[in-house]
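First, one chain by itself: the form predicted on its own, in structure tokens.
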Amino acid sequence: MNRALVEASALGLLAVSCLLLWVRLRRAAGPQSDGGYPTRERLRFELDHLRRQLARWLTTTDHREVGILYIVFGTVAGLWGGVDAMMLRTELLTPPTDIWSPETYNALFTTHGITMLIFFVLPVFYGVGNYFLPLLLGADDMAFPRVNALGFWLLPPALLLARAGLFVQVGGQLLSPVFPQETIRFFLTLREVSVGWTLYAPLSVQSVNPQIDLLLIGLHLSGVATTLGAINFIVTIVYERAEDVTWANLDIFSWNMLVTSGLVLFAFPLLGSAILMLLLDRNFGTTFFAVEGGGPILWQHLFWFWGHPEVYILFLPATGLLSTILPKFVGRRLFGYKFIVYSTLGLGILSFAVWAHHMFTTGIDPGIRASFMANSIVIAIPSAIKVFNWLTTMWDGDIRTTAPLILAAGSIGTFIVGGVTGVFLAVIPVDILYHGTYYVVGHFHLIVVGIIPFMMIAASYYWYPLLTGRWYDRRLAQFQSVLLIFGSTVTFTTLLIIGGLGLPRRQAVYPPEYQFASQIATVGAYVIGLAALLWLYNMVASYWQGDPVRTTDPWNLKATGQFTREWQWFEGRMVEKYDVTPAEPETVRPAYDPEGEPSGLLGGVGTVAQTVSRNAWMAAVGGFVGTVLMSGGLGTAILIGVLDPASFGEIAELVGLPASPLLGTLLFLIGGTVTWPLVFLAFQEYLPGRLLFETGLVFATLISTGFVVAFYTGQAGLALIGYVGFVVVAHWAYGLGLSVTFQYLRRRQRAKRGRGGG
């Protein structure tokens, strides 16, 4: 089957359907004269109106209009990438290649990955940020409005360059019956890129398809646009905030956009450089990625140094939306605001320290692999903190089962499954076993589909009254939300299972015994596609036919004190434009109990920077005291021979250093002084224990089990009993030292504040 014509026809049908629906609904919404026949004057007026509107949208620098342009562009790209996904899943209905050729299948998953990751997700989040960030910050506009518009208008040509192969292919097939092949050789030469979205060398260097060059130029252009947008967000958040918006009360979505923009500044310029090097290798004979130069592995290092932070560039804005929207529908303020900010910062930093876990199978040094394995496991901690805080926010809340809430709750569930399965992949032997299977596809998509589109759609429902002044069909939205969660769960958990059974990914042909499971996954993908179309219909139809919003507080947020700045702006506009009386809730109750606010160990008063430095200082002091106390118990264990000091050498080996017991002991002491106290600081509010020292003992007991397993060297009998006993007692000493020191410092800090010392 001809892929180019099928895909172009599908996209054309989708575009025409949306246009016809828009025109029909628009006409139905407006009054008709002369029995419905428009007059010549009216047609002329409409043409003039269209020209004015076109000029306005092409030249606008207003942040809200640029935001809408970003969202529309990202939606179009998302639908395009979605069509790719439907086509490749259709091929997998049967084990042999019945519909597309293997090369076409390769092209489909290549273009699906590139379109979704580069042209769908971030443009949509940039659109949401453009529209709402200035409103949330109390700013008039983005810091650099013209740069903002320029950044957007670089994206459409970038997408057309990246996907030019499709149009050129269709053009060649239409022209071939008329012109000789030699005349239209250009149209017959270009093909959609099929080397995989990672563009691994040497395949991407040696491929003769000129579309790869156009794709690289398009990616470079999109990188420039993304970097311009990131600079604009950072400057806007830092310098354009209203006077009463501080770092301590900055809304959580702005925090996430700030960290995301920081990641973009460090990651995308490197990708741009790597792309230029690849272009030079392909066209000018340089050897950056040839064996005689840097080698093919260099491309993987450069690509994944961008690629893994890119995952968090896509993920963090979604978590920001989740943290923003979820509290509104459970009637409670976000639990642990500061810890979610810390976890966001932690994810941003750690995301640059895990890239090589994508390369465990390339034969890189075992010591380096071990250190990246450790980093990849540690990065689960800040993600877990977010999940705990979301669940705690929902706990005992006044839950309203609206479409945004359904999608937010679904996001937490799919993210937990996707995140936990990712922790297993961080372990070297597991990764080597499953690296080339559908397990990776299932894990990755449970995160990127299980939270990113979910929260995009949730945000569209939540802010739809503000954006359009109308309500969407809320029953259809609830049904669509459930359908989307169901389809995603069926599709990607099935891929996890068949990947766990060993089915290789990226192959158009597969063994017949996997056919039924593959068909289930494909049906689930169709359900996702149906849910996407229902959302699109709801958005378009409701724009003209939705019930007008007649209140300034559509979600009754004033009742719980969560009437945030963007809704205050909306209320002001409703009052000014429609003379609507500001809404007053029938009952009011606080969205949080100040006594139950997670205060951190030292009370959490002050800016975020002050709190971070204060907690780090306290952790270091408490950790030092606890480590000194613990060293007595471990030292005694070594002296009586139940603990082998050589086992400490494995710690040094784990981070790529020589297996020296001295180096290992030094690292152990550093971990006891710095790392574990910070972990205790993050989790102490979730551990059982009425008093702090009880919580410290629980924490010490938990981490002692890890020590017992990690440092076990084959002891048996009484030696084993002595080993376990001394380890547990030493850790209890550590927990007591840690918690008692924290308690003392907290009391001292409160006394200082009570005297007015800050």
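Predicted model only: the values in this text are computed from it and were never measured. From 1 onward, residues are counted along the sequence shown.
Absent from the display: the form predicted together with a small molecule. The rest refers to it.
Figure note: of the listed segments 192-200, 386-394, 624-632, 533-541, the one touching the small molecule in the model of the complex, with heavy atoms no more than 4.5 Å away, is 192-200. Taken together, the three residues Arg89, His112 and Leu117 all come within 4.5 Å of the small molecule in the model of the complex, as judged by their closest heavy atom. None of Leu159, Ala85, Leu466, Leu425 but one reaches within 4.5 angstroms of the small molecule in the model of the complex through a heavy atom, and that residue is Ala85. The contact with the small molecule in the model of the complex, taken as any heavy atom within 4.5 Å, belongs to Arg505 out of His220, Arg241, Arg505, His358. Although the partner is absent here, Val121 is a contact residue: one of its heavy atoms lies within 4.5 angstroms of the small molecule in the model of the complex. At least one heavy atom of Phe492 is located within 4.5 Å of the small molecule in the model of the complex. Proximity of His445 to the small molecule in the model of the complex: non-hydrogen atoms within 4.5 Å are present. The small molecule in the model of the complex comes within 4.5 Å of no heavy atom belonging to Ala652.
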